[in-house]
Each structure stands twice: as structure tokens, then as C-alpha cells.
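As C-alpha cells, the next two blocks hold two forms of the same chain, structure 1 and structure 2.
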Structure 1
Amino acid sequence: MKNFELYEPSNVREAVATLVKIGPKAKVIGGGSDLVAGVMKDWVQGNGMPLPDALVDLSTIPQLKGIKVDKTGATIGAMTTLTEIVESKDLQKQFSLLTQAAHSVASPLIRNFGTLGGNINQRPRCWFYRGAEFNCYKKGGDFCYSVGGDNRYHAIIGGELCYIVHPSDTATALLALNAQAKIAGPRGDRTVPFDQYFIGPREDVLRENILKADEVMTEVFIPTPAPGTKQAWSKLKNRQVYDFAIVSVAAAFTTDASGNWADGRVVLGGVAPVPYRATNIENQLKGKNVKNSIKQAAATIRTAARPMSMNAYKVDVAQTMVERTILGALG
């Protein structure tokens, strides 16, 4: 592993000041399961992403930890561990979609030190990107090796240049829950809805989110769901422990007294470079009886899909999982 300087700020202002002082060669760290045990250990680097010379450890900042639930919603510190989220009775009661998604991440050991902020902002898991010998677009190179290579787990929606899939289960759930992130930087604090938080390769192939080099995510806020909101999570993976989603589905929606779709969100993970909000499915369901319309609505995922040579099976899987997840939410 490459040597690095470690900084342990006591508050957010100090962390931001450290990032400003050191510049782009510094990176923030949460639990470290991805950056230290993954990117840096495996020497994942390229022209567009040099390994950091310094790490700023956010786990030393008390204000970034904890869960607060009130009548307006839930506020979760970015350094709150996934285990703390899973075990929170308040979150289980009102935001079961998030607790289920967090519980599906990796293994209990990883969840014990993996943080919400780290899970949301982790780098992609494409094996060409993670392979030291592939200088791909995502690392600042001039080629995507998945186009002609083994692309069985790659994106079927929204690729171009780079066909990564976003690896975060919690991000998929939070987008379905209409959450927003609070970000601190030298220019002050700002709040960004998760609808606007993620960046695909069409916009900037070197980045996955809007965080600047001198900014940190401090917390996530989830508004209280409307009364009667139905929530459901499902995830297909190769192994039951320590595996990323082949396809995942997060759904949060309301129905009227007749069982018609009133409002809601359907978000898929494992299919696109960002958590994919399936507005085409939502629009097909709006105002219609969910049980009678879900099969036809789920099939509209095919209009957005552009599978590659080895991953067309994901289209079938996604369609089936959307249908099953929403019917499951109805009970």
C-alpha cells in the first residue's frame, strides 16, 4: 500500500480546512473498507485518479455520528455505521426501506465499521476499473474494456463511455425515499436532493457524485413519508454475504382507497452508473390499479435498457424484480 499522511480533525470546519490546505491529493475516509482496503490496497489509479497522499479521517468528528427522528423526518450523520442504521428502532418503524437496504450490504463485520457516507460515496466495482492493468475511461484513459470484454455485471441503462453500475444499496433506497444530503465546504453548507447528487459518465466520466475535492457529506435527511406509504426492498446477488447487487429494487409509494397508484418512486440499483429512478414505470402506474397494471408497467424498463453482449439477462431480472417488489409491498 502507498504511504499516506493521516489527519484526524475534531470538527467539520477543521476537516474542510485540511482539505483546502492539502488540495486534491487529500481524500476523506469513513470506515475505510473501500478507500483503504480497496482502492489504495490494490493500487487502483490512473491518469485521472492518482492515489491520495493524505487521508482526512471523518470518524473522529462526533457531530457526524448519530440518528435523530422527529415529526419532520430522520437526520442521519454521515459517519453513522450501517449496523447502527439497521438496529435503529425508529428507522425500522418509519423508514424500513433504508434499514432493509443497509442490512443487505456486505457482512456484519463490514457493517460494523462501514458508514452511511462511505457506502453512498464509494467508488464503482467494475473489475476493469479495479484492475491495475486497465487504464480505462474511469481512470482517465481512453478506452472502456467492458465493451468487448466480460460485461455480464455492467450497466444496461445510461452507459456511454463507461458502463459501471453504482454499488451503493443505501443510495438506491435513499433516492426512493426522496432524501437529501447536507454538504459542508469552504463556501458554506448546501443541501442537495439525491435526485441531483449523482453524476453519470455522460456528464463527467471521472466522478460519480457532485462532491468537490474540498467538500464533505455531513448528514442525510429523509422526510417523513406520507401516511400509508408502502416500502419494499429486494436485491439479487451471487452470494448471500459480501456481494453487490446484480439488480436491486427500492419502492416507496402510496395508493388510494381503490388500490390505485397515487404517488411514489421506483429506483433500481445494479443497472446503471447511478441509482436509476424508473420514472417510466412510475408514470405507467400513476392513477391506475397497481395490481392490475404492474406487469405492463414493469415491462417499460425494456424501453430504457440497452444491454451489452453478456448482460441482456439483467433486463428480464429487472422487470421481474420490479413486479415482485411492488406486489410484495402491497402485501
Structure 2
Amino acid sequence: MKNFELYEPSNVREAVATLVKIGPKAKVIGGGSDLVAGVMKDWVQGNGMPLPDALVDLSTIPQLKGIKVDKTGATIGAMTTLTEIVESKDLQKQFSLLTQAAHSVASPLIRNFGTLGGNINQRPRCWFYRGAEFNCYKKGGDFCYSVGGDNRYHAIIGGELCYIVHPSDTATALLALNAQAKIAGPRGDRTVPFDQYFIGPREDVLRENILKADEVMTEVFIPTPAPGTKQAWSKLKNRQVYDFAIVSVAAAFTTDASGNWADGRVVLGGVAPVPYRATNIENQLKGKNVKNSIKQAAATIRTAARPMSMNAYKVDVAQTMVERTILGALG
């Protein structure tokens, strides 16, 4: 592994000051499952993605850890491990969608050390991006190898230039729960709803979110869902045990007394360069009986999808999974 300088800030302000001082060649590290064990060990680098010269270790900042649930919602520190999220009874009670999504991440061994912030901000798993031989757009190169190559796991929606899919399960769930990210930077703190947090390749192919090089995600806030909100999570993997999603679906919605869709969100993971909010499907369901309309509504995913040479099967999978997940949430 390339050597690097290590900085161990004791609070967020110190962490930001360090990032400002060193510049873009410094990266923050949470659990390191992706940055150390993935990117740095595999030498994933390019013109637009130099390997870091310095790591700023957030595990030395105790304030970034912890789960607090009150009337308004849940606040989760970015350095809270996925295991801590899975085991939290408070989260399970009101935010079961996040509990389930976090539980579906990797294996217990990785959840024990991997953090929420790290899971949301991890880099994509595209095998060309991860392969040292491929100098692709995402690394600052000038080609996307998935267009003519094996693209069976690539994007079916929103791919342009680069056809990665967003790898995070918790991000998909958090978007469905209308959560917000709190970000600390040299210009102070800002709060960004996950609706505006993720960006596609057209906006900036070198990153997957709006987080700047001198900013740190400090916590995630999830507003308390309206009473009676139904939540469901499903994730299709190639193998029963740990893997990234081929397609995942997070749904959180309310219905009125006669079973009509009142309000809610349907978000898909594994299909687009960002967690994909299927507003088409939501709009189709609005005011209609969910049970009777879901089949037709789920089919609207086909109008948004532009599959590549080897991944048209993902359109069928996504359609079916939306249908099943929402029917499952109805119970």
C-alpha cells in the first residue's frame, strides 16, 4: 500500500482545518473498509483520482459516534458503526427500513467496523473503475469501458459518460426516509437533504455526491415518519450472503383508511449512478388504491430505463421488486 501521513483530530473543527491545510490529497477515513481495503490496497487511481497523501482518521472524534432518537427524529453520528445501527432498538421501532438496509450490508465482520458515513460515501464497485488497467472517466480518464464491455451490473437509469451504480444500501434507505446529511466545512455547517446530496456523472463524473474535499459528513438526521408509515426494504444479490445489490428497493409510504396511497417514496439502489427516487411510480400511485394499482405503477420503471447490452434483465428485476416490496409493506 502507498504510504501516507496520518492525522488524528480530536474534534470536527480540527479535522476540517487539516483538510483545508493539506488540500485535496487528504482524505477522511471512517472504518476504512472501502478506502483502505478497497481503493488504496488495490491502487485505484488516475489523473482525477490521486491516491491520498494523508488520511484524517475520524475514529478519534468521539462526538461523531452515537444514536439519538427523540420526538422529531433520529440523529446518527457519521462514525456510528453499521452493527450499532442494526442493534439499536430505538431505530428498529420507528426506522425499520434503515435497520433492514444496514443489516443487508456485507457481513457482520464488516458491519462491526464499517461506519454509516463510510457506507454512504463509499466509491462505486464498477469492475472497470476498480481495475488498475482501466483508465476510465471516473478516475479522470477518457473512456467508459462498460459501454462496450461486460455491463451486466451497470446502470439502467441515468447513466451518461459513466454507468456506475451507487453501491450504498443505507443511502437508498435514507433517501426513502427523507433524511438529511449534516456537513461540516471551513465555511461552517450546512444541512443537505439526501434529495440533493447525490450527483450523477453529468454534474461531476469524479464524485458521487456534493461533499467537497474539505468537508466532513458529521451526522445524519431522519425525521420521524408520519404515524402509520409503512416501510419495506428488499435487496437482490447474486449470492445469498454478502454482496452488493443488483437491485434494491426502499419504500416508505402512508395510505389512507381505504388503502389509497397518501404520501411516500420509492427509491431504488443498484440501478443508477445515484440512489434513484422513482417519482414516476410515486406519481402513478398517488390517490389510488395501492394494492390494485401497484402492478401498473411499477411498470412505469420501463419508461425511465435505458438498459445496456447485457443488463436489460435488471429492468424486469426492478419492476418486479418494486411490486413485491410495496405489496410486502402492505402486509
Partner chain sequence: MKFPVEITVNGVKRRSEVEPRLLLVHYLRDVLEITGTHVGCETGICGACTVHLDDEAVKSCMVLAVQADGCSVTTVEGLASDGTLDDVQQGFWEEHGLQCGYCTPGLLMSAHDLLRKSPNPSAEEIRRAINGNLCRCTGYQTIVHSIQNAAQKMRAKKPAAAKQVQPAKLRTSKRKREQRRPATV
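Only residues modelled in both forms are compared. What we label the rigid core is the largest C-alpha set whose atoms superpose within 1.5 Å from one form to the other. None of these values were measured; they are calculated from a predicted model. Here, residue number means position along structure 1's sequence, counting from 1.
Of these two copies of the chain, point out the form predicted alone. Structure 1 is the one predicted alone.
Give the consecutive runs of 3+ residues, present in both forms, in which every C-alpha shifts by 2 Å or more between the two structures after rigid core superposition. Shifted segment: 240-242, the only one.
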